[in-house]
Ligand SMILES: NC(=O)c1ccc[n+]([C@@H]2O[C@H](COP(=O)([O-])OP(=O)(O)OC[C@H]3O[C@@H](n4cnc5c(N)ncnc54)[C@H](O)[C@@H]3O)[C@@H](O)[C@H]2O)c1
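The chain below stands alone and is given as structure tokens, in the form predicted alone.
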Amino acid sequence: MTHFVEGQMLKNPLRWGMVGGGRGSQIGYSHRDAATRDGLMQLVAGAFDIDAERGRSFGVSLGVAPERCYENYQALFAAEAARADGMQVVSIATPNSSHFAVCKAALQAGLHVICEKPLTIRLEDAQELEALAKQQGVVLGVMYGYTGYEMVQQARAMVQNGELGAVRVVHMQFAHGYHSAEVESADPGTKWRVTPAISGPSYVIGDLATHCYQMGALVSGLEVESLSCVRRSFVASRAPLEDDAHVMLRYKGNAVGMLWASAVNIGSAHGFKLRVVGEKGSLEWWDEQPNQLKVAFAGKPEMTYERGHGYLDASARFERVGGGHPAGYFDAWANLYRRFALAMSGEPEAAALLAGQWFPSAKDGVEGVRFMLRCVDSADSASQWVDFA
């Protein structure tokens, strides 16, 4: 069992910087909270805003030296590379269309990278980044933050251990109702997500469904063979980008899957759920109740597995607080940042702390982009079934 132990886990915290994530950015705050929670990373530099002065002011308010708050990512990478104490890791929290250029420049500078999803908006670009990270010998992580919850690890372990038997059905959804009207006219954070030049070829598929696909693949261990997608723009001004999508999946072997992603599901606060059905049992996880995992076996009553208890798999036993105390979104992100830091540190002792743990890598980023684009291909071809490879 791996319990959280307060204290120094790395001899030297990683020197960390950010591109994007400026004042008012919820995602930027999430990255900063996660990176610094365990003292494994220290914020030393950044290009926080497209407005250089605004970014500098914000960086200084975070405790970053004024001269290390840069006007853009190019200046950030060049200046930090020239310093003996330059940053070692950078997190990228910018709109989708910029991910490839910023990631590529960071990897070429020899930096470890943690990037928001989708990794890129073109499959060839994502594959290039994966190859470049391998060539440079650095870690490229992708921030699928929900997989940091302990009970997701428990679900994965139960499938891997054969407790459910052969998987038959994977049902996924991420369907909220916050954008059922044209809220983007007064919300810049939504506006870029429904602007093709910035978000890429999709809205809810790239923003929500990729989380479902990635978690479904992680827990089930299955590979998609083909898919069929239908997408709609119920708020007409968002066309050609969808605010609702339904995907049917055929996995290699005999399993099937279903996925619903939506921003117009009125009455749903978040609605991110995963259900995996096997020949012997099933499990279900819901991000609004992330400390519980619903489990059922044929002929027996449904049970609820609770976070923080001794009957869980070792991979699910990294507890910041004991069982019964609710752990949440920020804890899940911090769990992933802990793994990123240990993988990036190069310290021999870190390998032991990382044993049995998993984090979303460049491969997950590539497959998420592939999923998004295959869904778009299918939807724009009258929902024809398309090969996933």
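Since this is a predicted model, take the numbers as computed values, not measurements. Note that residue numbering begins at 1 and tracks the sequence as displayed.
Another form, the form predicted together with this ligand, is not on view; read the next lines as being about it.
With a cut-off of 4.5 Å between heavy atoms, is Pro118 one of the residues that contacts this ligand in the predicted complex?
Output for Pro118 is yes: heavy atoms within 4.5 Å of this ligand.
Quick check on Ile50: any heavy atom within 4.5 Å of this ligand in the predicted complex?
Flag for Ile50 set to yes.
Partner proximity in the predicted complex: Gly22 to this ligand, non-hydrogen atom cutoff 4.5 Å
Answer yes; at least one heavy atom of Gly22 falls within 4.5 Å of this ligand in the predicted complex.
Report yes if any heavy atom of Gly189 sits within 4.5 Å of a heavy atom of this ligand in the predicted complex; otherwise report no.
Gly189: contacts this ligand in the predicted complex.
Heavy atom contact within 4.5 Å of this ligand in the predicted complex, the stretch among 234 to 242, 257 to 265, 143 to 151, 157 to 165
Heavy-atom contact with the partner occurs in 143 to 151.
Mind checking whether each of Thr94, Asp207 and His211 has a heavy atom within 4.5 Å of this ligand in the predicted complex?
Yes.
Find the only residue in Leu353, Ala343, Ile27, Val64 having a heavy atom within 4.5 Å of this ligand in the predicted complex.
Filtering the options by heavy-atom distance leaves Ile27.
Here the chain is shown alone; which of Arg193, His112, His179, Arg307 has a heavy atom within 4.5 Å of this ligand in the predicted complex?
Checking each option against this ligand in the predicted complex, the one that comes within 4.5 Å is Arg193.
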